[in-house]
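One chain is shown next in structure tokens, namely the form predicted on its own.
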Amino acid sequence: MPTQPNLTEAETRLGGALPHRRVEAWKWTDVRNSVKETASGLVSACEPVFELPSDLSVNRAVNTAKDHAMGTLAHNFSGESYLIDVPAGYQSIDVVRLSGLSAGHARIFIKLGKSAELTVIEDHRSDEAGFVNIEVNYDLGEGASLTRTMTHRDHAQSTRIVTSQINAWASAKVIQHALSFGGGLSRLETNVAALGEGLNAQIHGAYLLNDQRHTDMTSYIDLGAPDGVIRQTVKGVVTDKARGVFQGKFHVRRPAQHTDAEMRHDALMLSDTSEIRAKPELEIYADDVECAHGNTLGALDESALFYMRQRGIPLKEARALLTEAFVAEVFDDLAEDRRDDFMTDIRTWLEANS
């Protein structure tokens, strides 16, 4: 077995080891090497900003320990956790907005009662270099519905880890869309546990990375009950010396009969120096399921570019149009206002990087 490397100065301040490339699940996202001892937020609490409907409130709760490295750090340095308790049957046209996640550690718990419906918009953003470690926990009661939208854009020297745990009981529904423009090193991890039958989950995302930015989109869907329907699509675009990572796993346990699950990751590499690491997985123990996964990596279609240039479209514009069409598919079922915001951000990025 490999020996435990000596702790870095940053890890000494944190009181424990950070995930590194010798840990299988983190082999392409080496947090240890990215974090500096002087990083802003390394040993301090983050203070999120919540915008809530008038009939919801945020409370503070005592932290409970977690059994994974980043959760332990969040437990140790975040102080009390934040709790939003959504009552059974709750419905509102207003959304929960979460921002201010620019440095430090935080733990957030959002509990949806039976048949409650909630839309949450999370803005993970920093304008200065720093360290961010956010843990977000959702608990969905029977028949509850969560619509979650995440945007991510960090300083080029920031390290950000966002770990999400979604526990879903019978007939719960999850719709998640994430758009990342990266940072120095970032990982957006989503773990979903089907604790009751009939889970309907759509877990979609896209990353667009330039310079030497890094985004890791990791997901683990743990299906322990029957009749689940899962759809996951992730698109990636990388250029310059950027690095994209996708790790997705469907774990279909023996009781999860009649599961219908599909996973796809497709990425465009716009430069010879960019990198993509992809690892889609299926682990199936039930014998009456329909599960599939796929992965493609490639460049823009040269014949399509030629066709567009023959019709007077400049090369840069043609590249941007093809890339936009490639990414936009992920957000087809997003609410119109949020989709418009996403597409505006995507087009701005493409104008600068095509």
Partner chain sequence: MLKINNLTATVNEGAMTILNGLSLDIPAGEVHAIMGPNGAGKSTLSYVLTGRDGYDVTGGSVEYMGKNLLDMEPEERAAAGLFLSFQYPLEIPGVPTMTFLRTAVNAQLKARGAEELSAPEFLKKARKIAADLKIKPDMLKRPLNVGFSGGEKKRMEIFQMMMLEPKFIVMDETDSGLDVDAMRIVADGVNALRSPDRGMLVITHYQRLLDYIVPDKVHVLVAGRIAESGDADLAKKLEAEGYDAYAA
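All values derive from a computational prediction rather than experimental measurement. Residue numbers count along the first chain shown, from 1.
Omitted from view is the form predicted in complex with the partner chain, to which the following refers.
- The candidate stretches are 62 to 70, 322 to 330, 30 to 38, 44 to 52, and the one lying within 4.5 Å of the partner chain in the predicted bound form by heavy atoms is 322 to 330.
- Checking Leu297, Ala292, Val58, Ala304 for any heavy atom within 4.5 Å of the partner chain in the predicted bound form turns up a single hit: Ala304.
- Although the partner is absent from the chain shown here, Met308, Ile313 and Glu317 each have a heavy atom within 4.5 Å of the partner chain in the predicted bound form.
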